[in-house]
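Next comes just one chain, in structure tokens: the form predicted alone.
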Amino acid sequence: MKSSFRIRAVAFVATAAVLALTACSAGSSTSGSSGSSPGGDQKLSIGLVAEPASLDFTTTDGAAIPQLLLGNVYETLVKQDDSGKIVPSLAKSWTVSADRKTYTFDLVDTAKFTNGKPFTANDAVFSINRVKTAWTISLKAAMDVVSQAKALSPTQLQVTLAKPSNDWLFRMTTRIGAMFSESGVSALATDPVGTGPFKFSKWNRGDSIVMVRNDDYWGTKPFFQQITLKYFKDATALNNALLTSTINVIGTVQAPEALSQFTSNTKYQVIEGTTNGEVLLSFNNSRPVFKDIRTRQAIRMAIDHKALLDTCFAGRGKLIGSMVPPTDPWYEDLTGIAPYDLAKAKSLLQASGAAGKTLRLRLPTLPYATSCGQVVKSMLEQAGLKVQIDQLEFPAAWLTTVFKNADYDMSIIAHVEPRDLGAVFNAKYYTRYDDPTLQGYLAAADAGDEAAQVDNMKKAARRLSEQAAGDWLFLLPNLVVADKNIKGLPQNAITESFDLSKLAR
């Protein structure tokens, strides 16, 4: 909700966003198509779950938008490689001043936008400044540290920060680092203009989005001439679409209990890796019932996370205990902070006065949220709470009701954006979590050296877990099923993007 969904709003993802919030982002790849020649007019169809609400990720939250467009239509100055290392993209190299405040980027000189305009340092200045002045999503705050961006020449950009920041260059690999043409932002919601390997072609709302190869792309041309992203609300329909050859790839498996029908068939390949998609049981921390830490702790202890994972996601995924996936340098297994203890949960609810109260669990219409929501309801009611489940259409209704208006007590969403702990847990976000101690750790992590960053991020993750700011049900696995002959599929999903350019047949 990756804002922070991979709400990739956590595509998971999703996007995690928000794949929304279930978005499948591109990470490590299987035998990739690097060096593959364009495959003529060959076409591919990929099945996904969370359809974007808009194509404008500057004003609309949700991981499904960058999942589709980032790296495919829009490119960034720098990007993450398969291991998570920051590597060149539209910037072929860069230097950092001794005081860690001035970045000088040397840009490629052959890139051009799909409107025919060349990409220059002026476009980079425009894009960086526009995040601060025109973007409305909460992720824009990562650009606040920039005090000035200026073009030294058409191919050289200088960015000056107000203070040293460990986080800023990493954020430039995400959607806020997307490069826009000054003459190409008039219709972002319906007509994106970028420098990437694909162009947006058409959108059949409620069904599919079609991307076509950018034959004027400055880099390595993609193999496929056309890729269609088809969206399914039902996990069974998604599986059946692959079984009937309606699609070639299931980009985000939503019914892992049904994987045996693919693993036992030599026509298909099944890829399993990891993601950034923390499936969060979020609390509205502005509600009086959640002001008492005993209530929050009780909810965490009332949930048998191993049983929940086995029941609602066939045991696939990983238990983590806080808002950090194992692919981040500061990961620690914090599942022991709130172990399953039904008797303790009941006692805490009695002590806080929450026993017998009704909490609204407002769920997006995403398969994992629906199935896990029923398990959460059952477990919390065993501890003495009453839980009312409301299903909200995703993305529109959930984003408006829960994410924007915070009209909820609890929800379930996969936050798929990378390194999103601070973005998700703050007073302005839908979690309404205000903790000066946490903010102090995050500030120290951003300002210090590498060792200080790791140390303070570990403290921040532990603080979140000990304060029971939410409950981390599990980390989504990256589960992809595809025709046997498809190459370049992501092993891991550790960025906001599903890199279509690596795919080949």
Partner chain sequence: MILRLIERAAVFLVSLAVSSVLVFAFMAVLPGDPARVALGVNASDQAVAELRRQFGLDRPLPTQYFDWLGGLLHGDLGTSYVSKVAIGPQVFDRLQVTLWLVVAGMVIALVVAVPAGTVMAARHRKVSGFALSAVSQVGVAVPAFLAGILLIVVFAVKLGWLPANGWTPPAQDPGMFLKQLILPALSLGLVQGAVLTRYVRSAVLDVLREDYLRTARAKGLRPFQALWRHGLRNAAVPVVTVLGLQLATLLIGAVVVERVFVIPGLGSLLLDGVSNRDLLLVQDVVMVLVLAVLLVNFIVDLLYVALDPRLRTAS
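Between two forms, the rigid core is the largest collection of C-alphas that superpose within 1.5 Å. Here the structure is a predicted model, which is why all the values come from computation and not from measurement. Residue numbers count along the first chain shown, from 1.
One more form of this protein, predicted together with the partner chain, exists but is not displayed; see below.
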Is there a non-hydrogen atom of Gly196 within 4.5 angstroms of a non-hydrogen atom of the partner chain in the predicted bound form?
no
Is there a heavy atom of Gly206 lying 4.5 Å or less from a heavy atom of the partner chain in the predicted bound form?
yes
Contact label in the predicted bound form: Tyr231 to the partner chain, heavy atom within 4.5 Å
yes
Is Phe403 near the partner chain? Define near as a heavy atom within 4.5 Å, in the predicted bound form.
yes
Among Leu152, Val87, Ala397, Val270, which has at least one heavy atom within 4.5 Å of the partner chain in the predicted bound form?
Ala397
Give me the residue from Ser165, Thr431, Ser138, Thr274 that has a heavy atom within 4.5 Å of the partner chain in the predicted bound form.
Ser138
Any chance all of Ala237, Asn240 and Glu393 sit within 4.5 Å of the partner chain in the predicted bound form, going by non-hydrogen atoms?
yes
So if I measure heavy atom distances to the partner chain in the predicted bound form, which of the stretches 100 to 108, 182 to 190, 113 to 121, 275 to 283 falls within 4.5 Å?
182 to 190
Does superposing the core leave Gln391 with a CA shift of 2 Å or more between the shown form and the other one?
yes
Displaced residue check between the shown form and the other one: Thr228, CA, 2 Å or over, core reference
no
